[in-house]
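Given next, in structure tokens, is a single chain: the form predicted alone.
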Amino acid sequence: MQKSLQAMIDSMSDLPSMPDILEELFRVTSTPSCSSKDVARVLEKDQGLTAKLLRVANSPFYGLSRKVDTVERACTVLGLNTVKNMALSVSIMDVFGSAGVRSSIDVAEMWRHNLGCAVSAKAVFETRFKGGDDVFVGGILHDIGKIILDTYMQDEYFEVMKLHDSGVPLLDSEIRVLGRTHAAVGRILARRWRFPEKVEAMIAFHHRPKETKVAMDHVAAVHVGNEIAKALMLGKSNEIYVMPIDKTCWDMFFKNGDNIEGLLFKIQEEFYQIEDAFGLRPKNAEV
């Protein structure tokens, strides 16, 4: 039943193109002279996207002392890269936010897991390095391949989940049925949409971080953050098990005597601070 990678790409020929506004945003932000005003001019063409960006920017997660009411102000206060990554995250969630007719995963809970991974990975990364915004977007997008498979190859992914539910690890189930993992499928979208190289690496290698040739620190943070998010039950991945964390990745961020418990508490708090801004808080959740 395995399919070649090219056959899988052909099966997903209906994958949507990158939204025009992201195309323009990537083009504008690639120029050295890009300013907050330039970014705002692009993003404010989409009022819905602007409203979501401002809701995220004003969430307690970012801890701003004063409310920002324009994209330009958000760029000035948070930085161009942070706002660009916000726009990418929100846009992807809009495009791939709904479940298919025969969905084998809970897509809403999967996005909560992705957000939990983003928060965890950023917190882990910033224990040793500065500027975790790229890691955050890598966490948001790390499992995009699962959502693509559930949307565009529903019959095959239903078989994957049946095998996984019988006790076979998810990656092994995907390889047995599809011949490729969700990480490889996510990489297809990353290349088709011309994601930054770091983001592509975080999607492609979050389960096998030692195989990446770029951004090992970013990939390692997403690898660790993914398992922390599962352990803390921040959303629900469709993977039954919390998998062992690669020791090299763990040692990159943590040493004996580090306050791991304090970090886990911080991750939980930050997740609850931002999930509502992304529209992901379950309706029956306690406020």
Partner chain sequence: MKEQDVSSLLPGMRLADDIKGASGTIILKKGTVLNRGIISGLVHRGVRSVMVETEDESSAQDMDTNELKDKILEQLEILRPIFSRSSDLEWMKILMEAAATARARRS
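Residue numbers count along the first chain shown, from 1. Since this is a predicted model, take the numbers as computed values, not measurements.
Unshown form predicted in complex with the partner chain; subsequent notes refer to it.
Under a 4.5 angstroms non-hydrogen atom cutoff, the partner chain in the model of the complex has Lys247 among its neighbouring residues. Mapping the unseen interface onto this chain, Gly79 falls outside it, with no heavy atom inside 4.5 Å of the partner chain in the model of the complex.
In the model of the complex, the partner chain lies farther than 4.5 Å from every heavy atom of Leu54.
In the model of the complex, the partner chain lies within 4.5 Å of some heavy atom of Leu264.
Proximity to the partner chain in the model of the complex, defined as a heavy atom within 4.5 Å, singles out one entry of Gly179, Gly131, Gly97, Pro169, which is Pro169. Exactly one of the stretches 231-239, 40-48, 25-33, 54-62 approaches the partner chain in the model of the complex with heavy atoms within 4.5 Å, and it is 231-239.
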